[in-house]
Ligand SMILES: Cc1cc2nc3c(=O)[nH]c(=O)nc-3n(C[C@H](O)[C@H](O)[C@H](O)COP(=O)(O)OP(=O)(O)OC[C@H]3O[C@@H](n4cnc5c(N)ncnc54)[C@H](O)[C@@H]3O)c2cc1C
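As C-alpha cells, one chain now follows by itself in the form predicted on its own.
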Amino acid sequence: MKPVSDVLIIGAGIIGCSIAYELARAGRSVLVIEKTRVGAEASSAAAGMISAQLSHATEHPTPSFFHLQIESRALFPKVVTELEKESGLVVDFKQNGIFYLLFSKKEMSAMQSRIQWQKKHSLPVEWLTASQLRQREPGVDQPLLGAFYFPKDPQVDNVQLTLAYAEAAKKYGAQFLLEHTVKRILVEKGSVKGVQTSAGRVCRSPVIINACGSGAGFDKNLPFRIPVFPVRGQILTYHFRKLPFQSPVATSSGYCVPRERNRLLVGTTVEFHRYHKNATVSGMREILSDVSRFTSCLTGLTPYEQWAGLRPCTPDHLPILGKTPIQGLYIAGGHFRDGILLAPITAKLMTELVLKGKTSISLKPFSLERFL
C-alpha cells in the first residue's frame, strides 16, 4: 500500500496543528488524525497567556527550557501576522504584558535572583508598588505588597490560534481526518509504516509525529513507555459591561485574563492524574478563593461558563520533543502549561528535524531518552 502522506500527525491540538502548518508550508503532504475535533482538548481550555518571563521568575525552569520559551515568544508577532492573513481568522494577539502580584517580602525574596538575572540579560521587568499598580489596574483592590510587570509577555485567544493554524495548514494542502481514533502505530523491522484507527482503517506514512497531548502513551504495544499523564485545570468565565482589568493579572495560584466581548477568564486549578474533564464545585471554590486575595470584582457574581481541560505533563514537567527508538516515529508532547507558548518553536524545530535531521536549538534536554 502506498503512503497516503509524507507525514502523519496524531492529534489536532495546537501542537499538532502548528507542526502540520509548518510542514505543509514546506511542501510536504500532511495528514492529521484527530479523535474528535480541532483543538478539542487542552488547547481550548487554556487562558492564552504567553508567560515566558513570568514562568521563569516564578517557577525557575532550566536554562534550556527558558531559552525555548523566549525563542518561541519572539516568533509570535510574525507567526500571528502570517496566520491571520492565511486563515482569515483573528486570534486577538495583544502585547499588553502581564502583572504578577506579590503579597509578602518572602515571595519577593524567592523571585529576586531570577528577576535580577532577567534584567541583566536585557529582559524588561518593572516593579510597581501597590498604589502604582492600582493606578494601572483598579480592579486589584485588596491589600498586597506590589507587582512585577512583564511588558513583553503577550496574550492570545488560544482557541482562535489553534483554529488559525489548522485553517492555514489546509491552505497549504494539509488534510484533516477528524473523529477517528488511532489505536495502534504500525511498525515493521524497527520503522514506522503507518497507523490503524479504531474503525480498522490503515493510513500509511513513513513519518509519524505523536502530538496526542495527555493521551500520548495510548499505544501499549510500543517497546517503550511515553510518560505523559493528565493534569486537570479548571477555568471560570464572567461577563462584564466594562472589564475590571485591561491586562492579565496573576498570582502563584490564580489569575484573571480579560478577553474580547467583555469576557473575563478566571483560573485555575492544578489537579494531578485527573482523567476526566469534568468541572467541579470544589474547583470553582478553589479558584474563587485564590482570586479573592487580590480582587472583589467577582463578589456576588455567577460565572456564565465553567470548563476543564487535561494538560499533558511529564515527570520532570518538561516537554518531550524529537525522535524515538523507532525509525520515523517522533513525539511532540508533554508541554504541560506551556503548550500555547511553545507551539511556534515546537513546530519550527520539529519541522527542521523531519526535513533536515537536525535542529537549530538542541533537543537533547527534551529527548525521550531521558526516561528510557
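Numbers follow the displayed sequence, beginning with 1. Because the structure is a prediction, the values reported are computed rather than measured.
Here the subject shifts to the form predicted together with this ligand, a form of this protein not shown in this document.
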item: Heavy atom within 4.5 Å of this ligand in the model of the complex - residue from 40, 318, 70, 326; value: 40
item: The unique member of 254, 283, 213, 194 whose heavy atoms fall within 4.5 Å of this ligand in the model of the complex; value: 213
item: Candidate stretches 181-189, 88-96, 119-127, 145-153, one within 4.5 Å of this ligand in the model of the complex by heavy atom; value: 181-189
item: Close approach of residue 56 to this ligand in the model of the complex, 4.5 Å, heavy atom; value: no
item: This ligand contact at residue 336 in the model of the complex, heavy atom, 4.5 Å; value: yes
item: Proximity of residue 234 to this ligand in the model of the complex, heavy atoms at 4.5 Å; value: yes
item: is_contact(residue 15, this ligand) in the model of the complex, heavy atom dist at most 4.5 Å; value: yes
item: Output flag, 34, 47 and 341 jointly within 4.5 Å of this ligand in the model of the complex, heavy atom basis; value: yes
